[in-house]
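Shown below, as structure tokens, is a lone chain in the form predicted on its own; questions about how it binds or moves come after it.
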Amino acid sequence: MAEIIDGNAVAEEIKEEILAEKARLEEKGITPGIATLLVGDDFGSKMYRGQVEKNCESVGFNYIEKTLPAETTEEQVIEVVKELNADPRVSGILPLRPFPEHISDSAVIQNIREDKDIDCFHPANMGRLALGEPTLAPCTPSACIELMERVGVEFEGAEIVVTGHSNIVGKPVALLALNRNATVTVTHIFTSQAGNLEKHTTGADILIVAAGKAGLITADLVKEGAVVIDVGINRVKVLDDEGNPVLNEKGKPKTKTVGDVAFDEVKEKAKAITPVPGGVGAVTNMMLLKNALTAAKMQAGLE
């Protein structure tokens, strides 16, 4: 049976390291800070904003909230970005997407200062990542790597298969693994549609799954003794033994959060596996703070 990689415990370790480093920076008169930028009232973005604020408070970082009406023009949003670029309280800017349709993601992101781009959305930072140069790395991909490094996973020469090729997780985590001298294969929906997913995933020493489909990876798709990192976050109905939805006290179907991996069956075959929740997500929150800390040092000429 697999070792269950405890993301919450790793997150606490990182938090203690952040607190120690922050104390050293404060001796130099530096306090890291994060600014969130929300346009409109997307529910998921507001939930994430609240989490970022809570996390900043937990380590004593500055937190600045910028929330603009949905009808704000692209030019006005960019002006707010430029104000945050110039604000010494802000070491990192986090644009909360999706933006309203009339606002271009790329226009906003490309106006964020590269050294305040704490989730590595800026093309220059992504380019540095591709070249293997020091940069601010995307938080969720970094969390995947951090989890594995802290439990002693060896990257050099390992066969790593990434399932999912998004710009947010799949592509950058593949680059981070390549930069650690792993052999990397990226699979995605079209791999699956061609009937070729199994031949790749069953050869993986390390399988990183970020496809956004609950239960996609079953035990037959996993190599015996593989390390499995589940990035997926999906809400599904709770079912009884007969496959019927379980209802709550209001008569509505109960739901639960699951990953992209069929956890209960895959854990019997894998060497190590991350749960959902309690795995990658917990560490992602800390990697955002860690990036803000690094950005503060960069801006002070200390990094």
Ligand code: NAD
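In case it trips you up, residue 1 is the first one in the sequence shown, and so on. Because the structure is predicted, anything quoted here is derived from the model rather than measured.
Same protein, other form: the form predicted together with this ligand, not shown, and the subject of what follows.
Trainee: Might L216 be said to contact this ligand in the model of the complex, defining contact as any heavy atom within 4.5 Å?
Mentor: Contact check for L216: yes, within 4.5 Å of this ligand in the model of the complex.
Trainee: Any chance L178 has a heavy atom within 4.5 Å of this ligand in the model of the complex?
Mentor: Residue-level check for L178: no, no contact with this ligand.
Trainee: Taking heavy atoms and a 4.5 Å cut-off, does T163 contact this ligand in the model of the complex?
Mentor: Yes.
Trainee: Residue-level question: is N85 within 4.5 Å of this ligand in the model of the complex, judged on heavy atoms?
Mentor: No - in the model of the complex, heavy atoms of N85 and this ligand never come within 4.5 Å of each other.
Trainee: Do heavy atoms from each of A174, T183 and A226 fall within 4.5 Å of this ligand in the model of the complex?
Mentor: No, because A174, T183 and A226 lack any heavy atom that approaches this ligand to within 4.5 Å in the model of the complex.
Trainee: May I ask you to choose, among I109, A158, A130, I189, the residue with a heavy atom within 4.5 Å of this ligand in the model of the complex?
Mentor: Exactly one residue meets the criterion: I189.
Trainee: To verify the annotation, which of these, I118, V231, V90, V222, has a non-hydrogen atom within 4.5 Å of this ligand in the model of the complex?
Mentor: Exactly one listed residue reaches within 4.5 Å, namely V231.
Trainee: Any idea which of 93 to 101, 109 to 117, 166 to 174, 149 to 157 reaches within 4.5 Å of this ligand in the model of the complex, heavy atoms considered?
Mentor: That would be stretch 166 to 174.
Trainee: Heavy atom within 4.5 Å of this ligand in the model of the complex: which residues of 276 to 303 meet that condition, in order?
Mentor: Contacts from 276 to 303: V280, G281, T284.
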